[in-house]
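The chain below stands alone and is given in structure tokens; this is the form predicted alone.
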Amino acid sequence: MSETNTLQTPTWTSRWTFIMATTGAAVGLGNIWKFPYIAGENGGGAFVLMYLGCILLLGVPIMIAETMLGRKGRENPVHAMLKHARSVDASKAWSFIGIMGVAAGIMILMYYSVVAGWALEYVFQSATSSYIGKPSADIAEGFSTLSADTGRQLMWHSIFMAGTALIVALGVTKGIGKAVNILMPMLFLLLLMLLGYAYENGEFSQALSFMFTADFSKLTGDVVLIAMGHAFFTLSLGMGTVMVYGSYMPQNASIPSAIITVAFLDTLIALVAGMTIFPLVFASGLEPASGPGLLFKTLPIAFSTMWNGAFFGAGFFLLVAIAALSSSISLIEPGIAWLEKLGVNRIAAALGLALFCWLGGVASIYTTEVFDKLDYITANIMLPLGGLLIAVFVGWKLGFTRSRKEISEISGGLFNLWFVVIRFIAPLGVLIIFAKSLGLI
């Protein structure tokens, strides 16, 4: 990756680095921590099917549009949207897309880092065999004990935020690019190892039925909204990440093929994570709808009874921490890119935003209501709204001709289909889901 080009914008050295970085942004706690427990809470198969539909019909087209805006703008999300608005004689209020995206990323990191801290705690507990051989009730209670131990949560939260700040302070080349090229292959390898263990030792057929047998009677407006929100959350849409990573994308790289690859890898990892977790949950006679504590209440019980459970447990929770780190980098990067444009030194920007997120994490640790509200507002309101506005801007303001010039590498028929989705189907779909969740239809 070269740090500068004629536009004074960092550029990924290759399309593959963009794919790894964007997949690293997409693949995180949303796939390994959040997807399994919200699938468990919302009926399994029906939720999974709705989630996959939202990825395909809404997520991928909007992700292509957001990447295009980033590469065309070659700026941070706020200034990129200002540049685009000027180019089409539109109101500078469209910069709200960038501002809201930066804010959403920071707000997500405020509670995300707390969950990442839980993962680090369980890496430590697994490596020291602290729960191995204990009764199931005592192991499950261990998460409640951790939840009440604000001091321990604060320690791990602080360590995680310090690591995030260090990587992003090093910059696009030395920090983010190198980190994702190391972290993502490690994540894939660990997940495949654990999937093999779950297949051999868990209730795999029961998990398959739970995840892929759809009971549409369980679909409500709220469930559909959660599925859409999670599709946007897991693809990092509407939070500025895709736009700022797109701004580092080489001009000759194919946006659609790169995004389809990212979406495929992201969705595959979410499904594999579910098929890793649920067989162990069912084999232990545990409840899939255990909420945010699903990983930390149930999986240590499974690991405690398996051969070499301390090793596999440490490996799994290390995977969760790696996934969280790859995403935390992308959550804070849009804000740093914005501050750099305003003249703030990158190291100062990284430290300042990391401190701000750290303070939000402290509030999340001490007040569960703050944690829950940050999660709900970002995933179910801000990200879908950001995606909606991106689709409207590209479809109705940037228009067909300008978009076609930027995405010239695909056939006219496929481009026409994408543009119809962006201009009509995606905005309408998001609006319908919003209206249904509010009980308006």
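This one's a predicted model, so the numbers in the text were calculated from it and none came from an experiment. One-based numbering along the sequence shown.
FYI, the form predicted together with a small molecule isn't displayed, but the following is about it.
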Whether 67, 76 and 244 all lie within 4.5 angstroms of the small molecule in the model of the complex by heavy atom: no
Partner proximity in the model of the complex: residue 28 to the small molecule, non-hydrogen atom cutoff 4.5 Å: yes
In the model of the complex, residue 276 touching the small molecule (heavy atom, 4.5 Å): no
Non-hydrogen atom contact residue 108 with the small molecule in the model of the complex at 4.5 angstroms: yes
Contact test in the model of the complex: residue 233 vs the small molecule, heavy atoms, 4.5 Å: yes
Contact residue in the model of the complex, from 364, 330, 126, 298 (heavy atom within 4.5 Å of the small molecule): 330
Contact residue in the model of the complex, from 118, 160, 303, 112 (heavy atom within 4.5 Å of the small molecule): 112
Interface stretch in the model of the complex with the small molecule - options 28-36, 57-65, 398-406, 384-392, non-hydrogen atom within 4.5 Å: 28-36
